[in-house]
Each structure stands twice: as C-alpha cells, then as structure tokens.
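First, one chain by itself: the form predicted alone, in structure tokens.
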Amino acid sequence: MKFTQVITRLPALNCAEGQTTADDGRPDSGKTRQQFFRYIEIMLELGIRVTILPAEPDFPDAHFVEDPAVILPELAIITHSGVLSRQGEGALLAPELEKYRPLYVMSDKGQLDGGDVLLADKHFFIGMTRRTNMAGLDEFATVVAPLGYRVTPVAVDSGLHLKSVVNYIGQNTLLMTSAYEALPAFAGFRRLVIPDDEAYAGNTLLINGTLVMPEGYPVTREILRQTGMPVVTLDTSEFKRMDGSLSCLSLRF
C-alpha cells in the first residue's frame, strides 16, 4: 500500500504520566519531542503529507494515535480501548478522521487497541492481549468482513501489543521474534526472525518502499538490509520508556 498521508499528535509535556510497563526510567518530555519531530522529518522526506494534531495534556498517551483508531481505504474505525484512561482519545481523533473516511465507532461491549491490529494485504491479524479481547475482535470483524477482509486472532504472550513484535514489511514477509515463527496463522508468510534481545526492533515500518526501524539493533538492521529495501533508523528511546514504538506514533493512509 502506498501511503500519502499520516496523522500524528504532538506529545504533551506531561507525557511521562501515561500508561507504561517499562522500568527503565521516566521519559524526558523535551527529548521525546525531539524524537517526535525527527519522526515527522522522516515522513516528510519519504514524500508523506503530515498532519500534527495539538497535544492533549488530559490524555498523556494521546500521541500514540494508532491505538484509538484503525484506518482502511473504505472507512476509519474508532476503537474501544481496554484502558480506562485512554477511552476518550478516539473522540478527539474523530473530527480529523471524518475529513477522509466514513467513521464507525465501536461499542463498549468489547475492547480493541489499534496496536493489536496487523494488516497484511486483505488479512487482519488481531492480537489477543490485555488491551484487546474476542468481543472486540468479533465486532471489528463484523465491520470489515463485508469489505472483503479476513480476520484471524493471534495469542500474544510477550509485548504490549501484537505489533510490538510482529510487523508486515511487504513482499509477503513478516518481521517477528522466534516466539511467533511457528504459529499456524503465519504459515503462509516468509518470516524474518530477529533475536529476542532485539525484540523491540520488531516494530519496523514499511513506508513506500523504505523500512523505518528503531536505532540500536544491528542484527535486525542487517536482516532488513538483506531485503534490498532502504533502511532508515530513528532514536525512539523515550517512546520505548512509555511502551511505545514507531507504528504507535501515526495513522498512515
């Protein structure tokens, strides 16, 4: 899929107050913004039109715009987060999303985070995590199945979301850790397996033929280099302290 636009949100100065399971210190808001703006520069360098929404101090996780919404060519879906403090973020995104797509707003009967929604061609793989459950998957499936999409659940035993460690990088190829290599759900794909101690680099983005990955993971970088695609690295140390990564920071369409 060729992307032409991304929607992002400026991290709030109190972003360190957001949800996290990481234990390597509090993020620095100034450095967080520096890394965010480098992310924006990369998108611009790759020919993407960028929308930057204002910071939302009442929602310190709101710069992770991928979780409260999923964008398809046909529509945008506002998800229902399993985290109470994040359940207002979708309403903040809705006015921007409806400029580009019809909206479907999920009910509160289940829960689903966009970080658990992995799309490979016309097939959605949905991570079953603390943030996403079967009720959320079922509702999501009722919306996308009539549009020709398949939906498959994937048990996630490590990482906050499925896309924390498994991502589609085009050419029928998934980047993942060894824990997911043998899953029947992924049997039809070429699987590039990265070391467990570089699991964070599993969250690599394919943007119009270029792979964007976090800085500091040399084995994964070499694996990606062998795909023949250009590889760009970015320091995401502050976002990692918030359980965040590259895909979390934008909605791409």
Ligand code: CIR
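One rule holds for the numbers: they count along the sequence shown, beginning at 1. It should be emphasised that the depicted structure is a prediction, and the values quoted were computed from it without experimental measurement.
Keep in mind that the form predicted together with the named molecule is missing from the display, and what follows is about it.
Residues in which of 206 to 214, 224 to 232, 65 to 73, 36 to 44 have heavy atoms within 4.5 Å of the named molecule in the predicted bound form?
Result of the contact check: 65 to 73.
Candidate spot D61, L160 and S245, all three touching the named molecule in the predicted bound form (heavy atom, 4.5 Å):
All of them do, each having a heavy atom within 4.5 Å of the partner.
Distance check, R131 to the named molecule in the predicted bound form, heavy atom within 4.5 Å:
R131 belongs to the contact set for the named molecule.
With the partner left out of view, is S237 within 4.5 angstroms of the named molecule in the predicted bound form by any non-hydrogen atom?
No, S237 is distant from the partner.
Heavy atom of G136 within 4.5 Å of the named molecule in the predicted bound form:
Contact check for G136: no, nothing within 4.5 Å of the named molecule in the predicted bound form.
Please run the contact check for H80 against the named molecule in the predicted bound form: heavy atoms, 4.5 angstroms, yes or no?
No, H80 is distant from the partner.
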